[in-house]
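Listed next as structure tokens is one chain, alone, in the form predicted on its own.
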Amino acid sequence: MADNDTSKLSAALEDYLEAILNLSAERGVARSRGIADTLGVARSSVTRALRSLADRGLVNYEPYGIVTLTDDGLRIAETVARRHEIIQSFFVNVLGVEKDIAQKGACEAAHALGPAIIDRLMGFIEFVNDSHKNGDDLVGRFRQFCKNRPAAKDKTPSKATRRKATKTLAHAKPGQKVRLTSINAGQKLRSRLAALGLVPNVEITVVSTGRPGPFMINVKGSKIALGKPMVDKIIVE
């Protein structure tokens, strides 16, 4: 499997590969419990994901054992990690965003941006660095521009706009396709949902609405069961 085959994986599975890579580097080994803690997901979700990755030939996995990346899995994991690093570097070193905010934003954006955009971002970072070496401080001028830039005027949205902006996944019907716009929750829950592939702009197909049974959705071919508190926090259009 080649590096560019990351497009065939869901965002959630990409996150699992990256988590295994990071845990192996930090602790020497990766286990299901550590992966669950890192991604903020249940052990049962980790088991399903690892089985799926093992079936694809990306990890070596046995229940209750250590988890290792295959050669193909390692290449993809390194590609995903590098993608995060590039975006975070752009946010921090070019845009001047605080590191913790940039780290979270990079994780969400990395799944939405394709290789062509990532390559251009890398090229732009290199261009900015070269310009600085030649005495042209593009970053400094940009940050000064942002500092002097007047704040955007607040505009009160119309009732129709407010209704559209606050439509939650709970309002969707079985068989309906919607697009995730935001998640009205704290960082922990947003990270947990991102690990499941629920990131901005992802398309969601509603399978069932929990009457009876769980609220089931399909995201990039993976079925996910959600509790009512989660469904009420996912904003869609």
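So that there is no doubt, residue numbering starts at 1 and follows the sequence shown. The model shown is predicted, which means the values in this text are computed figures rather than measured ones. Take the two forms, superpose them, and find the largest set of C-alpha atoms that agree within 1.5 Å; that set is the rigid core.
The next section is about a form of this same protein that is not shown, the form predicted in complex with the DNA.
**Student:** Which residue among 210, 40, 174, 200 has a heavy atom within 4.5 angstroms of the DNA in the model of the complex?
**Tutor:** None of the other options qualify; the answer is 40.
**Student:** Residue 17: heavy atom within 4.5 Å of the DNA in the model of the complex?
**Tutor:** It does not: once the DNA is placed as it appears in the model of the complex, residue 17 has no heavy atom within 4.5 Å of it.
**Student:** Taking 4.5 angstroms as the cut-off for heavy atoms, does residue 10 touch the DNA in the model of the complex?
**Tutor:** Contact check for residue 10: yes, within 4.5 Å of the DNA in the model of the complex.
**Student:** Does the DNA come within 4.5 Å of any heavy atom of residue 28 in the model of the complex?
**Tutor:** Looking in the model of the complex, residue contacts with the DNA do not include residue 28, since no heavy atom lies within 4.5 Å.
**Student:** Any of the heavy atoms of residue 48 lying within 4.5 Å of the DNA in the model of the complex?
**Tutor:** Flag for residue 48 set to yes.
**Student:** At a 2 Å cut-off on C-alpha positions, does residue 36 qualify as shifted between this form and the one not shown after fitting the rigid core?
**Tutor:** Residue 36: C-alpha displaced by less than 2 Å between this form and the one not shown.
**Student:** Has the Cα of residue 190 moved 2 Å or more between this form and the one not shown, judged after a core fit?
**Tutor:** After core superposition, the C-alpha of residue 190 moves 2 Å or more between this form and the one not shown.
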